[in-house]
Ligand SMILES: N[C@@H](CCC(=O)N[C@@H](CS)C(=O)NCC(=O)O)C(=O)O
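Okay, here we've got a single chain as structure tokens, the form predicted on its own, with questions on binding and movement later.
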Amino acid sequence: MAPKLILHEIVPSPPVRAVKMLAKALDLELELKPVDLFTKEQYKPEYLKLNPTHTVPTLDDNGQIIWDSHAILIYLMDKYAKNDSMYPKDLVKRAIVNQFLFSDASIFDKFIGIMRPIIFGSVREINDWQKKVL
């Protein structure tokens, strides 16, 4: 029986796309459930029950809830990969993969801190300091 994997997503999200690409590489079918950030759906009680950090993506694997794209990617590899070619068991090789896997965390935080006021607020320009940070 194929696993029932539900992915709570927003389409333009790079972390969501990473999960979708891995699912495709692992030949896993995802049921996609859009989360509307503009109506603040991520703060509704039913979503907060799934993910108290109110972020996307969030994965529901037959009732096992995993949030944060990095955790989801590792979980899917450990549970569903047929071998360890993409996520090696060898510690040194895995550390190299993890370097790339987690490198976005510090970069993305800076980016989203600058972009959030533009997307959700009234800011329309990036200042010189922000350009240097990016």
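Remember, predicted model here, so these are calculated numbers, not experimental data. Don't overthink the numbering: it's just position in the shown sequence, from 1.
Separately, the form predicted in complex with the ligand exists; it is not shown, and the next lines address it.
Chemist: Just one stretch in 79 to 87, 26 to 34, 52 to 60, 92 to 100 has heavy atoms within 4.5 Å of the ligand in the predicted complex, so which one is it?
Modeler: Going through the listed ranges, the match is 52 to 60.
Chemist: Would Phe108 count as touching the ligand in the predicted complex under a 4.5 Å heavy atom rule?
Modeler: Result no; Phe108 lies far from the ligand in the predicted complex.
Chemist: Even though the ligand is not shown here, does Gly113 get within 4.5 Å of it in the predicted complex, heavy atoms only?
Modeler: Heavy-atom contact with the ligand at 4.5 Å: absent for Gly113.
Chemist: Decide whether Pro117 counts as a contact residue for the ligand in the predicted complex under a heavy atom distance cut-off of 4.5 Å.
Modeler: Output for Pro117 is no: heavy atoms all beyond 4.5 Å of the ligand.
Chemist: Can any non-hydrogen atom of Lys44 be found within 4.5 angstroms of the ligand in the predicted complex?
Modeler: No, Lys44 is distant from the partner.
Chemist: What residues in 63 to 85 sit within 4.5 Å of the ligand in the predicted complex, counting heavy atoms only?
Modeler: Counting only heavy atoms within 4.5 Å of the ligand in the predicted complex, the contacting residues of 63 to 85 are Asp68, Ser69, His70.
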